[in-house]
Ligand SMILES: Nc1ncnc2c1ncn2[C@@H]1O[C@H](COP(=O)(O)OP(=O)(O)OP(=O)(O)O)[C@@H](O)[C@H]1O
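Form predicted alone, single chain, as structure tokens, below.
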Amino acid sequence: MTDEIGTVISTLDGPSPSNADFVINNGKLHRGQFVEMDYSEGTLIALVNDVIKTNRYFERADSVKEFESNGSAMSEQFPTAEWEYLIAKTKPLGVFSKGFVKRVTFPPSPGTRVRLASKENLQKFLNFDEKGLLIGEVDHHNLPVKLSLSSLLKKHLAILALSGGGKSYLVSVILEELLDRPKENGRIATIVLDPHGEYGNFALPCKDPSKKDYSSKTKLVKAANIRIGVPKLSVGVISGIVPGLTAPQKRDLGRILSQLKTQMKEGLGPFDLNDLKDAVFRDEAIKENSKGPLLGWLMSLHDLHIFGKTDNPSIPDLIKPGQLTIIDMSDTINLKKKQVIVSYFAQRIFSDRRKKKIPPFLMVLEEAHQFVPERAKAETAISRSIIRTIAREGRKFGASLCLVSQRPVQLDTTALSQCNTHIILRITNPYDLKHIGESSEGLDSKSVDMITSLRVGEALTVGEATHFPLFFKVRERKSAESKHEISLEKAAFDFEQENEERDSETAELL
């Protein structure tokens, strides 16, 4: 039996099914810890929302001021330490009853003895899985956070924090767990759409013996080398990239694509965007008021320089069990080009998964608010439609999303609401906090208030993965640090060091 730590007390608003306070009689307790107590239907588990220290001698400010105005401290005249005590405010979460977890529908009784929650009960209560992904530890309980692959990812995941709050670090930890996962436990493919080159370190051979090398399991694709095969494009894919197409334009474009694909099969070979533009220009069946805008849109796609006669790389090469693929878009400034790349890969991968041509996968979308914006016209949010579709339908086909964002308020509500698990790191912006509070099921006002006090490396998870709010500390990563994680001082030193070495080599040559 776990040592008892306190006793439930009566207050003006409790005990109730949603609130239970207790006085701490033994030891210390921290906000975010779990406690348990005997209950009429089993064992009740509660989350500590706050811990208050009080003292009868210091309850009235005017009395304390008056007494100590002559220079004497109350603690010197009275046994104040004997009247100091701690009150823990908790939120009852659920009840273990005959092997099942039930809602709390009746208040615990005043006088009930309170214990720290046992590791065994917490593991069951929080839905931990011995074969799951190890992403951290429950603080003050020394309990590893091992989350089931399905419960964490199947119904999508959102990772939210301010810049520098530890989002990329946590994503790296999850990627490590997926790459280390043994075949017998079920492996999925992982693709990261990386606008800033945060994860390129996974593809580089690791020279640090204290870190793990994942380069043999990682494929890195630079945006500058991507070519989208025009013969692989369908009207649906193109209309996803060019949202302004009208129904007649889609019919005309579909007819011409079909003709070019037929000619390709007859021996003329694959075609590119120039061939498609020429075919549209020569086609007399297309009305002039429709042809002009259609040619303009095709020209705008041509100017992105990412379309060719064949795919490079091919989708089957990218999506393999136990493999990580990183689409590094850090060499591209054009946001439209990035959105086209995200839209195309998302559509092709989801389509191939629906046809079971590729294994179940996780698609990690960094800076998700750029690609799935809440308030933007369709022509400036090219990738939003397909991401919404995967968010709504992906779980049926083994297509999982992980949306990573530092500006939740700018992230599309439809996509965010479909993420059944949210992992929230430090956020202080009140608009983002309000947005998270409204979109995260099971997150009460007390937990939202606690988010602002999180330090880097601390996180709160709510939703499908744990069923109940859980504060935890992210584990240390095994892989090498990202180039973005080094300090400003080290970046400045490295720059000067490299320049000095370069100048020295030049002087020796002269």
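Sequential numbering from 1, following the sequence displayed. Treat the numbers as computed from the prediction; the structure is a model and nothing was measured.
Although it is not shown, the form predicted in complex with the named molecule is what the next lines describe.
Student: Which residue, S439, N420, S168, Q339, is the contact with the named molecule in the predicted complex, using a 4.5 Å heavy atom cutoff?
Tutor: Selected residue: S168.
Student: Select from the listed residues V474, A480, I451, L47 the one whose heavy atoms reach within 4.5 Å of the named molecule in the predicted complex.
Tutor: Selected residue: V474.
Student: Heavy atoms within 4.5 Å of the named molecule in the predicted complex: which stretch among 339-347, 98-106, 174-182, 156-164?
Tutor: Result of the contact check: 156-164.
Student: Looking at the partner-bound form in the predicted complex, is E198 within 4.5 Å of the named molecule by any heavy atom?
Tutor: So E198 counts as contacting the named molecule.
Student: Does the named molecule get within 4.5 angstroms of any non-hydrogen atom of G42 in the predicted complex?
Tutor: Heavy-atom contact with the named molecule at 4.5 Å: absent for G42.
Student: Considering only heavy atoms, tell me if Q406 and the named molecule come within 4.5 Å of each other in the predicted complex.
Tutor: Yes.
Student: If we define contact as a non-hydrogen atom of the residue within 4.5 angstroms of the partner, is V456 a contact of the named molecule in the predicted complex?
Tutor: Output for V456 is yes: heavy atoms within 4.5 Å of the named molecule.
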